[in-house]
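Shown next are two forms of a single protein chain, provided one at a time as structure tokens under the names structure 1 and structure 2.
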Structure 1
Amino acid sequence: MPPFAGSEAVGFPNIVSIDVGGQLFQTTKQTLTSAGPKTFFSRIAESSGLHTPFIDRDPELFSFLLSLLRTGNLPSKAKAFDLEDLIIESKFYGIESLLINSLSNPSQLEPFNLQKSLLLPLNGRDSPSALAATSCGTLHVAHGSKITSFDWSLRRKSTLLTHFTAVDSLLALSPALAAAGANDFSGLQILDLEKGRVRETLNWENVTKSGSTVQAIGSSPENMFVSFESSRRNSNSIMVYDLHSLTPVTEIGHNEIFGADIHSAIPATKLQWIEGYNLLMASGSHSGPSGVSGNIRLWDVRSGNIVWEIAEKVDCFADVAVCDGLSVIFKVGVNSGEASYVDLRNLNDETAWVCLGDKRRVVNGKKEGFGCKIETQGNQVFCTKGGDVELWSEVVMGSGNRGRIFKKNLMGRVRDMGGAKITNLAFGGSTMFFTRKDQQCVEVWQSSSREF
């Protein structure tokens, strides 16, 4: 092919020609530079006009990636190709992050169209005890003393053997980094999953100088929150660490328990950051002879003060979740099994839970909601009931309606529903993951529009 004379010479200074595997493509400098600096495409844009660069790669795969640069999405015909081939090509051109964003962006989760797409098998005989996922869809699964990680495409996995007998708390810090803790093993471990080693161990030193076990882990964009309890169960605390340096920032909720002060003895077993309010939600419960009791607290981390608290006695929660977009705290009652909410915008000392459904179930002490999980993704609420998942969404009413109405919706295909009891539920990217009792695998639910 003769040298390209340069598009500037014919009055089109913005057009770039590229020869890929013998097929000629034309695009603009803006499209190429949208890939970001120091990528293969940006180098082509910088050297354009001198000649037509030749790239000895597959032209059809290149056309898909060029469409990705132009629109931010892959064309529908790309679904006929193996995702692994697209991943390899995106890495060659230095735009894997764009491919990840196109296929695994959390905003692309289609809750009403979620369908069971595949099962991720786990090595060994242990059932999963915890799930943690990143925003790009990378998944970490704790099962027994092992943590198995799946990359964002769910095509590649690796397994790390930990010091724990079983991992009870797991937080995905990045695709290659996880924080893990256990109820019977002292300290929080920061695990480098790629190098297969413990990068750092964080401990909370209590008054009795005894070991401290991890009850829950959470994070904000800046901080990591860890709920510790002393091994003697006579003190507990929530420690705040800088998420990047892992150095201690502050301590909140430090309780030293004396006598039968059960209320102070309950450590936080779930931590969730509420970005829109700059508050930390901490919840914990205790099962005793009189039933299950607990509390939910909202902490101002900067001042170390509790800004709102509710004690749970009649129908304590089996699980709690916060939806920042809806300004709502949700719970599933351990006795009734019903999902309820309180509005973050109207909190006061007399705030009471509002049932999402029609409140047909009577609190009869049978613990209908025991083991149920509730999580939010976007403005949707997902609540597990045995082997099924209920999907709730808010119905927008007229300005004259004072209350808020939530509707239960069908999710995906009926044939995908049911099975053994769901034990863990998590979201990563545009994917829902959950595990079932006594099964050594993870169920993957994706939108029907994603067929890779």
Structure 2
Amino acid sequence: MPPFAGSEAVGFPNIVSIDVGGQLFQTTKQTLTSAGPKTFFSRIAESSGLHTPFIDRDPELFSFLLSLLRTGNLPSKAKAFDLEDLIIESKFYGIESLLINSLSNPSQLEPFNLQKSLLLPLNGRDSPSALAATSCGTLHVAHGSKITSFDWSLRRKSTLLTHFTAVDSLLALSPALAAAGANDFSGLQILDLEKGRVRETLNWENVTKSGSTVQAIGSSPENMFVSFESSRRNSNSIMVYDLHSLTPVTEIGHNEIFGADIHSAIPATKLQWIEGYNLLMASGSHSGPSGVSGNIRLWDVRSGNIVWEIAEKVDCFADVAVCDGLSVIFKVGVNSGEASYVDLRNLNDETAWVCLGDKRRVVNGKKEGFGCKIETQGNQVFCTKGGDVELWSEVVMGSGNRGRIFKKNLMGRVRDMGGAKITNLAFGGSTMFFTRKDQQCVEVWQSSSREF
């Protein structure tokens, strides 16, 4: 739109005047219609007649939202106000999505510029057991039998009581909908967090007719994946549900365990969808007399076949994650505590882990990596180690065929280092969330430049 659409409003039918709470504003029809069809503003743009439309709202807040419409960003003077005022006002005008887009957008995540910025306290005495965030930055935290949800601005919260004694797996389906499951309670519950009730309970009908506990939940744009294990722990399966209707689509990786076949007895405890390859990564491990062993499988969901599989016997993973942007699977070894990777682009039967750290530490047998978490976001890999977070990124060198170079950095300033062990890690909007052992709060890391 031309910024100088005319010095006199009269001759230009393109210009719209609005009276908000006694103050006159002028803007163009294009600006108003950029709010989207069927919003308050588009209706004003259509109905411009002789009368100046009057809106009985606060003029100052309106001026900020008009700037948002014009530029996509809030003016800096809006910082004098509470974000909550602006959210209420934007909801009234029906342009909250623009505000979310401007303030909490996953593309704004700056991994190298994240700093410890907020603590979100949780009431009661239960420590958080699971975290889930949506792409716009809504956060759900399970602590004890409760789930507390924070809105995208992290200013408002609500708490819901569930049937679970503790929630072990949590997935945010939408800002108001979450899927929750537990290792000791049968069924996956779809919780409506706004109404505070269970919308649906999904169960896996297993052969033994016992309960089905949830080991992991994952989702793709179309499907939700749930790893179930029977309560008798002798069968497990990954169910695929349609994300919108929540009806079962297919079942992959169904295992029945007879005798002492330990390797098929491991249910998947992490499910991650690899968008770029249309594959589902399922990993599971368990601790036995000979140490921790496990497996990582890549599933083609449509055919129900395993595309690639690796059995972990030496230095099994403590956690694995796929980085779609880098086409790499990352793991932290449970014994060594070191990060390793395999390249997704050339997987075959001989593919082995490339260790990024000191390989010799494998031999001492201590579980240094125990409880480490690894998550990917964009082209970065975030790996927790004790109370700290390591940020792994690829350094792209122009020439030479020396293989890929990954380098790590410890996140945070000196005063942020250490602290209790990190138990959960999640990303939502432009924010990193994590929880620490025995602390009833969520730590929020945000980019300094985006701070409202």
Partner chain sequence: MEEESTSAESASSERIKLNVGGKLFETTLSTLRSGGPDSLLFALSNRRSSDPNPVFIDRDPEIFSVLLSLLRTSHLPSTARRFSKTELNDEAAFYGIDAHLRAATAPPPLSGIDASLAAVLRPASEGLPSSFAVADSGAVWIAHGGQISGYDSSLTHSATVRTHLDEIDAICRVWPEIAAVGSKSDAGLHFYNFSGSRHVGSVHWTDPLDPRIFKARVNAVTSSECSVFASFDCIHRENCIIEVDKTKLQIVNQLARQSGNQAKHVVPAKMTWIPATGVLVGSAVAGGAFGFSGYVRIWDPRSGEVVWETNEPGGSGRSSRFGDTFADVEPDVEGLLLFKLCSKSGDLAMADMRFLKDDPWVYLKEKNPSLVSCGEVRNSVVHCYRGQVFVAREGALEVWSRVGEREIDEESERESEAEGFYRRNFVDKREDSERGIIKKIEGGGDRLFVSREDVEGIEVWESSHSSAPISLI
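Residue numbering: structure 1 sequence, from 1. The term rigid core refers to the most C-alpha atoms you can superpose between the two forms while keeping them within 1.5 Å. Since we're looking at a predicted model, the values are computed, not measured.
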*Can you spot the form predicted alone among structures 1 and 2?*
1
*asked:* Superposing the larger rigid part on its C-alpha atoms, how much does the smaller part rotate between the two structures? Whole degrees, please.
replied: 12
*Cα shift between the two structures at G412, which is computed once both forms share a superposed rigid core (Å)*: 4.0
*Can you read me the CA shift for L69 between the two structures, rigid core superposed, in Å?*
2.5
